[in-house]
Ligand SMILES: Cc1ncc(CO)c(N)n1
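Only one chain is shown below, in C-alpha cells, and it's the form predicted on its own.
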Amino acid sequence: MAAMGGGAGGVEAGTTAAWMERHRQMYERATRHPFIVSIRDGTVDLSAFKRWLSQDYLFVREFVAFTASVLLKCCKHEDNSDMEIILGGVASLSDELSWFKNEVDRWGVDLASVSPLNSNLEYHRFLRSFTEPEISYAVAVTTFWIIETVYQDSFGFCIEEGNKTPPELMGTCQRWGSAGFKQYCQSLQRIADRCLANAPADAVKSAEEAFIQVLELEIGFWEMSSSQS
C-alpha cells in the first residue's frame, strides 16, 4: 500500500489501494456478501439469482449512460490517453446487454414484468449524478473503477479453487471473474491512481466519498437480490 502524502492533493500513486485498506471491512462486505458466498458454496437460492439477473440487466442499461459520461469527461481531459481503455468498456456493454437478454430467456424471466427495486433505483440516481459537468474526470473514473472491481472480485471469488458454484452459474461468474476482466480493472485502477495523484484535494475527497458510496450501494444491491428489498 502506498503511503499517503506528497503530490497534488496530498496523495501519491496507490491512493486507491490505501482506500481499499482503510475501508477494508466495507469492501469485504461488498465483495464477500452472503449472496456471493452462497453462489460459491452452491447453496444459492435460484429465485434470488434470477432476481439479481433481472435487476442487474436494468442496472447495466443505466450503466451505459454513466460509462458514456466518463468517456466524455475523458475526452475533455487534458491528457486523454485513457480513451482507448474506457472506450473498450463502453463497447463491451453492447455484448453485455445481449448476454443478459440471452440469460434471462434461458432462466425464463419476463423482463417486461420487471421494474427496478428501491436499491437499484438508488444506484441509478447515483450514476445519473455523474453527468453533471462539475464532477471531475478523476472522481468519475475512480467511481468507474470501483464499480467494475467489486464485480470482478466478487465473481472471481466464485471461480477460485475449491468453489462449489453450480455449473449453470459458472458462465456468469466467469464473465466478471475472468483474468481478462481483472486486467481491465487493473488498467482502470492505474488510471484512477494517476488522476488522483494530480487532482486537487477537494476532488480527492469527493472521489473517496464516491468510493465509499459505491461500496454501500453494492451491498444494498446484493441485499436487494437476496431479500427483494
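Every value quoted in this text rests on a predicted model; they were computed, and no experiment measured them. Numbering starts at 1 and follows the sequence shown.
Quick note: we don't show the form predicted in complex with this ligand, though the next part is all about it.
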Revision key, fill the gap. Partner-free chain; cross-checking this ligand in the predicted complex, the single residue of 176, 27, 66, 35 with a heavy atom within 4.5 Å is 176
Review point. Does any heavy atom of residue 56 come within 4.5 Å of a heavy atom of this ligand in the predicted complex?
Key: yes
Check your understanding: Even though this ligand is not shown here, does residue 151 get within 4.5 Å of it in the predicted complex, heavy atoms only?
Key -> yes
Practice item. State yes or no: in the predicted complex, is some non-hydrogen atom of residue 221 no more than 4.5 angstroms from a non-hydrogen atom of this ligand? Key: yes
Review point. Is there a heavy atom of residue 139 lying 4.5 Å or less from a heavy atom of this ligand in the predicted complex?
Key: no
Review point. Every residue in 49, 104 and 169 with a non-hydrogen atom within 4.5 Å of this ligand in the predicted complex?
Key: no
Exercise for review: Among 142 to 150, 128 to 136, 109 to 117, 79 to 87, mark the stretch whose residues have heavy atoms within 4.5 Å of this ligand in the predicted complex.
Suggested key: 142 to 150
